[in-house]
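Next up: just one chain, as structure tokens, the form predicted alone.
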């Protein structure tokens, strides 16, 4: 997302030539070093065989990618929307704004639901992180971060802690207590440290581990108690902007997306990329797993949302219209997976029928770009955050009971 991407060079002494220059992280035998661009290029050429060049290796890599795409195409016998023609169309439904949460002094950048289906945590460019009661719209906790642009926040599975970070390059965890007068900043624990801004964070299935994504092009798994790095994930060629953990029943994987236009699926145990998809034409701002864990959706600055089937190892649907020319900043599925909600930079939220590929609704209300969007854990509502400084909680109401019985919401 171009408006939230920061070029933050780290200056210091190069670990190879010892000159004071702009540095980039380089990994040598799992050890992280800080090299200047010249030394990094020299290191890359040291491992070349005779008559090999970086250009020839890049050409070979592109050729292998082409062959992989050809093999994938051989298995592509039918389109998703053709299979879905036999599926009954969705009934009519309306999405009413039930609550508007006001209190941030600048752009809302991220939000997350608590597992109790009631509380919400949000972060903003104003440097504030706020915990809301979405029923009453009351603010239960507020934290002032040491930096602006707090681009990531997450609720712990237990509901007893939150994590957040941004331009401070850190992921900080704050325990939540019933004492609303307690100084939360005094109990802050810095868990993760990247070499560039923190773009996303998510607890795993416990409060003890947390995943982070960063503008330094990496993702990482951390132990919350000790702050120890458990696993690092290298493969993106530019800033990583988003990540999403697979549903617990599907295993130890997560998906990430970034400025290199790639969506990558990772094994948390090995640290290896197990699948990669490169069909977007611009930055990937958001990724979200399908409820079953067999697929995931992505939203991009190329004004499209896309669905990738992990079993078929390919893109199976594109959600776009000629009239939509602004990027998609955030996506999420309904509880059944039949609907895909997508927030766009033109201040709207488009609702897509996942199977048929058609837009079934368009929602207005925000007065600036929709930056974040999440469906509640029970699927009865979803919350969107915007650069207009507010969050809106909407309820999905079906007009036809038959659709509710079939779980198509």
Partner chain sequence: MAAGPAPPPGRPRAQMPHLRKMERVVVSMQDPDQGVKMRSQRLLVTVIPHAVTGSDVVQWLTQKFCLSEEEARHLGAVLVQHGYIYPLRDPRSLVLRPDETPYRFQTPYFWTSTLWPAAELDYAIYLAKKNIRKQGTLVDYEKECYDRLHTKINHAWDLVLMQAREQLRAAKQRRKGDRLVIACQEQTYWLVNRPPPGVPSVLEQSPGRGSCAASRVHMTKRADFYKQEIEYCRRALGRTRVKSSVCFEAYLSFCSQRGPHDPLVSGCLPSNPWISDDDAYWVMNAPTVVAPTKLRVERWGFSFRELLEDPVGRAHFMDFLGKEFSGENLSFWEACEDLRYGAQAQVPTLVDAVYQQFLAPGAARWVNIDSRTMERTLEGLRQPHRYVLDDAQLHIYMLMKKDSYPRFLKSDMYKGLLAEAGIPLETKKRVFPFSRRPRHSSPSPALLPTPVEPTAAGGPGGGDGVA
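Residue numbers count along the first chain shown, from 1. What you see is a predicted model, and the numbers here were worked out from it, not measured in a lab.
Keep in mind that the form predicted together with the partner chain is missing from the display, and what follows is about it.
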4.5 Å heavy atom contact, residue 393 to the partner chain in the predicted bound form: yes
In the predicted bound form, residue 36 touching the partner chain (heavy atom, 4.5 Å): no
Partner contact for residue 103 in the predicted bound form: the partner chain, 4.5 angstroms, heavy atom: no
Partner contact for residue 169 in the predicted bound form: the partner chain, 4.5 angstroms, heavy atom: no
Contact at 15, 193 and 202 by the partner chain in the predicted bound form, all three, heavy atom at most 4.5 Å: no
Answer option from 318, 89, 208, 147, heavy atom within 4.5 Å of the partner chain in the predicted bound form: 208
In the predicted bound form, residues of 276-291 near the partner chain [heavy atom within 4.5 Å]: 276, 282, 283, 285, 290, 291
